[in-house]
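Just the one chain here, laid out as C-alpha cells, in the form predicted alone.
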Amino acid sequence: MNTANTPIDPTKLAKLARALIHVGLELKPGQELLIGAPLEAAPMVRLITAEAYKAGASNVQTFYTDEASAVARYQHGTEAAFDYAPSWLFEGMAAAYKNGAARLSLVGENPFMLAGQNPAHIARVSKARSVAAKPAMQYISDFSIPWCVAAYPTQAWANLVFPKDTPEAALHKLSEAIFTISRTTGEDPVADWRTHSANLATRREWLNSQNFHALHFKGPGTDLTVGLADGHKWNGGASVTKLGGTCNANMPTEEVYTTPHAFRVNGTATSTKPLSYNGTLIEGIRVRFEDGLIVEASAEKGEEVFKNLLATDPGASRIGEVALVPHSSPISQSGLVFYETLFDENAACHIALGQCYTECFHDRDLTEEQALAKGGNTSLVHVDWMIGSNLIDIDGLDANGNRTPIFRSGEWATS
C-alpha cells in the first residue's frame, strides 16, 4: 500500500463500519440511528450510514463537531456563553431515544484541542452540557437503547500518538492500530466480535458466581478497597438492552465491569496512564478515599482541571464504575498511549468518577433512588481513569473478609 495516497485502508474501514452496525449496535429494521462525529470522520460516517440503511434503518441523523468552532467559544465567547448548553437539542435526542433510536459516537478529536484555554471556562461548559444532556443520557446509562462508541483516525490525533513520523505515516499507523485493536482485520469481524464477547461473558459469569463484597487493589501507589454495591452485577462483552437486543457499548473493549458502593471505598489510588479530559492531559493522579469520598486529590499535570472535574457535583468525587482489564490486552501490548479514554481504559483496570450504570444491578429496573439506596452513585459526569498495570494484584473479598485471588501481576489469576 502507498500510505502517502491511502493512509487509511478503505477495505478495513468498511469492515469496521459493518461491525459497528451489526454487533456494535445490532441495528434492527425500522430503527433510527443518531451519530455524533468529528467533521474529519465524514468518510466513515458515510460508510456507516450506508450499512445502517442496508440493515433497514428508518433514518440516520449525524451531528458533527468541529475543532476550530469549539476553540472559538473559549477565544471569543462572552462569560454567559460558558454556562449555556442547547437543552432543546438534548431534549430532541431524548425524544428519539424514547422512541427506540440507537446511538453511535465516533471519537477522534485532537485530545489537546483545548490546551491553553481557561480551565474554569472548560469546567463551566462541561457542567452546562452535562446538565442539559441528562434527559438524553439516562437512556444511555441504563441501556434503554443500543449504543456504541468507536473511533476514527484523524490527523491531529495521529500526530500526537506518533510524533516522530510524517503526517501520512502517522495517520496510517494510527488507522492500522485502530483496525487491529477493534478486531476488524479478519475475514469476518462480526464473527470475531461475537467470539470475543463470549470470552468476556465467561469472565463476568465467574465474577457473578463469586458475589464478592469488595475488591482490594494493591500495587505501587495504590492500596484501595472498593466495596461493591448491594445486588451488583458484572457485565462485559455484549450488553442486553431494555429493547431486548444486544450492543457492544465500546469497540474496542477488553473489560468486565460493575457498580461499586459509593460509600464503601477506602484507601489510595494512583493513575498508571494519562487521562485526556476536555482537551487537557491529566497525569500522575493520586487520590485518597474515605467512606467513598475523595478527600485528597493531586495530579502532576492538569491538577486544576482534575479538581474542577471533582467539583462538578457531589457525586463527581465518588466512583460509579470499577472495571477489570488484563495487562495482556491488545491495547496494553501495543505499547501505545492513545490519549483517548476509549482505548487507554481498555489497556488497564480502571475506576470511573461519577455516574453509575444501573445496568450493573441484578434488578435493572431500579429507579435512581433505589439504585442510590443500594450504593449506586449519581452525577452529571462519568470519567474513567486507569489504575491497573502489570504490578497490580487484585483480591475479591467476601462479607467476612476472606480473600480470593482475581489478578496477579496484572493478569487473571483464574483459568
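The first residue of the shown sequence is 1; numbering continues from there. From a predicted model like this one, the values you see are computed outputs, not experimental measurements.
What comes next is about the form predicted together with another copy of the chain, which does not appear here.
- Contact with another copy of the chain in the predicted complex, defined as a heavy atom within 4.5 Å, is made by none of V107, F112 and P163.
- Judged by heavy atoms within 4.5 Å of another copy of the chain in the predicted complex, the contact stretch among the candidates 379 to 387, 40 to 48, 344 to 352, 365 to 373 is 40 to 48.
- The contact with another copy of the chain in the predicted complex, taken as any heavy atom within 4.5 Å, belongs to A95 out of A120, A95, V295, A198.
- At the 4.5 Å threshold, heavy atoms of R73 reach another copy of the chain in the predicted complex.
- Contact annotation: E32 falls within 4.5 Å of another copy of the chain in the predicted complex, judged by heavy atom distances.
- Although the partner is absent here, G77 is a contact residue: one of its heavy atoms lies within 4.5 angstroms of another copy of the chain in the predicted complex.
- In the predicted complex, another copy of the chain lies farther than 4.5 Å from every heavy atom of A311.
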